[in-house]
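Next up: the same protein chain in two forms, each one alone, written as C-alpha cells (structure 1, then structure 2).
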Structure 1
C-alpha cells in the first residue's frame, strides 16, 4: 500500500484544509496524494489542486448521505486503490461514518488531529486532551490503511498547493445493495438565516469571560467599532445572555477565518479554538501568560484587558487620524 487518499466533503472549507494537510504529509513521506469525491457534480472543486488523481464515486444510493452507503462505497474505493493513509475532515458527517469505515479494515480512526510529525517510515499524529491543555502523540499500529480525521482550523486551506494544469478525474464504479442501507435519510438540516454572518468578516474582535461583567462589554464593542470589525464572543458570554448566540465562535457556534482575529479575555479552550484557528493573524490579550490561546496566537499581549483595550482604542483612533 502507498499513497495518501483525502476523502472530501463537497462545499466544505475543511476539505481544503485536509487537502493541504495531505499535501504536507505527502511531501514529508514522498507519497502521491489523491482525493475522493462522492458524487460527480462538484469534482471540479478540487481540480485546481496539486493532486495525483481525483476519484469520483457515484451511485443513485449515494444521492443522499447515509452512513451505510458512504461506508460501503468508500470501502470499495480504498480496497481498489490501496492507499497507505486515509485523511478526512473532522466534520459531523465524518464522525458518523469514519469509525465504521476504519473498522472494516481492522483499524481505528485517529480523530481530531491537530498536527503531525512525519519522516519516511514514521508518522506521529498529535491530538489534544483536556480541552487543549495536553497534546498526545499517537502512532498507527497494525497494517495499513491508516485513518485520521483533521480538526477544523488545524491546517490552512490557503496553503493547499495548486496544480499547473487541471487534474484528471477518474470515475470509480461501486456496487451498492439497497437492502444493506438501513437508515432512511430525510431532508438535510438547514440552519435558520443568521442576522450576523461572522464568516464574511475580515476583522473580528471576540470577547471572553475575562470581561467579568456584561456592563464591561461596551468597551470591547468600541474597539470593534473603531477597527471596523465584527464583535464576537466565546460560549460563556453567549450562554450568559450577554451577547446573542449568533455571535458565538467555536464548535457549537460559527467557524470563522478572518484576516485578523483579536481574542480579548479568552483563555483558549479547544471548543473555541476549533472555531477560529483558521484566522490568518491571531492577536490574544490575556493576563494569564500560560493561557492556551497564546499557543495559536501570532501576537500576544500579556496584560490586564481593562488597561490594554482602552489603550488600543486610543492608538487606533490616532492612527486613523
Structure 2
C-alpha cells in the first residue's frame, strides 16, 4: 500500500484545506497524493492542484448523500487504489460516514485532527481532548489504510500547491445496490428566514454559559447597547431559549468577522471558534485562565464576568462621555 488519498466534499471550503494538508503529509513522507471527488464526474476546483490523480466516483445513487452509499463507494475505491493514508475534512457529512468506512477496514478514524508531525516511519496526529482544554498525540496502529479527519481551519487552503501539468482525472466505476441503501434523505432546508444579520455588525458582544441564568442576560444586553454592538451567543444560550437561534455564532449558526468580538463567559469550543475566529480583534472575559478562548484572544480579562461586565459598562459610558 502507498500514497495518500484525500476525500473531498463538494462545495465545502474545508476540502481545499484537507488537500493542502495531504500535500504536506505527502512531502514529509515522500508519498504521492491523490484526491477523490464523489457524486460527480467533474474534478471541478481540484483540477488545478498538484496531485498524482483525481478519482471521480459517480453514480446515480451518490447524487444524494447517504452513509450507506458513500461508504460502499469509498470502500471500493480504497480497496482498488490501496492508499496508505486517507484524509478527510471533519465536516458534519464526514462525521456521519467516515467512522463506518474506517470500521470496514478494522481501523479507527483519528477524528478532528489539528496538526501532525510526520517523517518516514513515524506519523503522529495531534487532536484536542476535553473540548480544546488539552491536546493529545495519537499514533496509528494495525494495518493501513490509516484514516484521519481534519478540523476546520487547522490547515490553510492557500498553502495548496498548484499543478504545473494537467492532473490525470480517472473515473472509477463502483457497484452500488439500491436495496442496500437504507436511509431515505429528504431535501435539506433552512428554518425561518434570519431576521438578524450579525455579519454586518462591527462590534459584537457575545454571551456564553458563564452567564448562568436567563435573568442575567440583560446585563450583557446593556453592555452591547452602550457599545453600539450586536448581541450574539454561544449555542447553549440559544438552545435554552435565552436568546433567539438567529443570534447563535458557530458552525451551526452564523459566521461573523466584526472589528471586535467580545466573548463573555464562553469557553471557546471549536464549533464556536469557527464562527468568530475571523474577527479582527478578539476580547475574552472568562474566569478560567486556561479556557481555550484565550488561544484566539488578543485581549483577555481573567475574572468573574459578574464583576467585569458592570465595570465595563461604566467605563464605556465614561469614555463615550
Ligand SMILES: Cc1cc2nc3c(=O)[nH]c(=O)nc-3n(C[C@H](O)[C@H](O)[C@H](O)COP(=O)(O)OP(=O)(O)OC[C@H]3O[C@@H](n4cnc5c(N)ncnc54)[C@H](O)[C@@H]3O)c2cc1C
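Positions refer to the first chain, counted from 1. We call the rigid core whatever largest set of C-alpha positions still superposes within 1.5 Å between the two forms. What you see is a predicted model, and the numbers here were worked out from it, not measured in a lab.
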Inset, instruction - Please let me know, 1 or 2, which structure is the form predicted on its own? - result: 1
Inset, instruction - Using a superposition on the rigid core, decide whether the Cα position of residue 249 changes by 2 angstroms or more between structures 1 and 2. - result: yes
Legend entry - Per-residue C-alpha change between structures 1 and 2, residue 158, threshold 2 Å, rigid core fit: no
Legend entry - Core-superposed C-alpha of residue 16 shifting 2 Å or more between structures 1 and 2: no
Legend entry - Once the two forms are fitted on their core, CA shift of residue 206 between structures 1 and 2 in Å: 8.6
Inset, instruction - Enter the rigid core superposed C-alpha shift of residue 271 between structures 1 and 2, rounded to one decimal in Å. - result: 3.5
